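Okay, so here's just one chain, in structure tokens, the form predicted alone.
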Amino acid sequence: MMKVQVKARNRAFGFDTGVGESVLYSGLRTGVALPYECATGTCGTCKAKLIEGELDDQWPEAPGRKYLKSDQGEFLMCQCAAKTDLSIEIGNFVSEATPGAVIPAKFTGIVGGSRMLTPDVKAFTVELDRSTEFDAGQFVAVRFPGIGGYRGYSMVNFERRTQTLEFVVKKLPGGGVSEWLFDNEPTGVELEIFGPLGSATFYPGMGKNVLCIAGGSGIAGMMSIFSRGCQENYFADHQGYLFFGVRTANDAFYLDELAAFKAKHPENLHITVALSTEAVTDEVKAAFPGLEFDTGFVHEVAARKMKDHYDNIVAYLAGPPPAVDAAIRTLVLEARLSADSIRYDKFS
């Protein structure tokens, strides 16, 4: 073990780190709430300045490096591991983990199975080496064999304590992980997993109406939120609005599951599928009579249908970054929601 000494804006922290373990993951697993958003090398939020010691950069090609001033000793905590004891400086306020929060940990997982949801969307499950807890809306960082860096995936399922995690992945041209998943049968493959991570979480005790706006595979975390809400009968007393954006009806998935949520609380759950590139047909409406369908980008559809329905609400956003940014603008400028009423995690 090596020592990491952290000087933050508000106070100093110290924790141990293992050989090959990223500085960020070391701090998080010991209960130090170091700053991050994606935790996988994309966003640059976890940057720190090296004051003393030596680092091993485990993914020099990480996209988040473009946000660094390397000549001033800045590095990504999520991608760098200690080679010696370290002294680092962080320009943010840092605190200890919130009491009662689930502390992230490292797991080994085996892919238990996969299934195609659409021609370019695949679902798969992972069986962990031990049980864990996570909050609805959280994600984990996953490392696949032979592919550099970790990737973030939200859990689709929700159980208070479980060894099974469910994920959904959209195939992206040039995406190393997604192409590997689609070109291979992943069942039985061993993965490295770190988590749970993320702050876009849902708690039944918050007592607010829920708005979820998701594009494509971003529906994963929303499924977890609605699963917990239905399990705990939350929507018997609160309104739930979910807007799911896809290009065409053939690109939609989890519609049976969404219809099952709606059936549990038909008066208080309002679920709309937004088709961005085609009109809604009578055939689609007839196949899922409990769901609503509309045409347009998901944030535009949500804005139309949510007008005058923003009282006592917390909003959750997920999907492609441009869609999330557009939804944020709508919620801030039109709905006048405060920042603490809008929750999302940046990982893509």
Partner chain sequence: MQDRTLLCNTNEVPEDGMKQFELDDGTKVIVLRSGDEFYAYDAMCPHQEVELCEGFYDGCVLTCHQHLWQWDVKTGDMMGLAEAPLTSVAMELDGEDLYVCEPVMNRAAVGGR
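Positions refer to the first chain, counted from 1. Model, not experiment: these values are computed from the prediction.
The same protein also exists as the form predicted in complex with the partner chain; that form is not shown, yet it is the one meant from here on.
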Looking at the partner chain in the predicted bound form, is some heavy atom of each of Lys3, Asp16 and Ala101 within 4.5 Å of it?
-> no
Can you pick the stretch from 23-31, 278-286, 65-73, 299-307 whose heavy atoms fall within 4.5 Å of the partner chain in the predicted bound form?
-> 65-73
Residue contact check: Cys43 to the partner chain in the predicted bound form, 4.5 Å heavy atom = yes
Does any heavy atom of Ile328 come within 4.5 Å of a heavy atom of the partner chain in the predicted bound form?
-> yes
Using the partner position in the predicted bound form, report whether Asn92 sits within 4.5 Å of the partner chain, counting heavy atoms only.
-> yes
Near the partner chain in the predicted bound form, with a heavy atom at 4.5 Å or closer, the residues from 1-40 are Arg9, Glu37
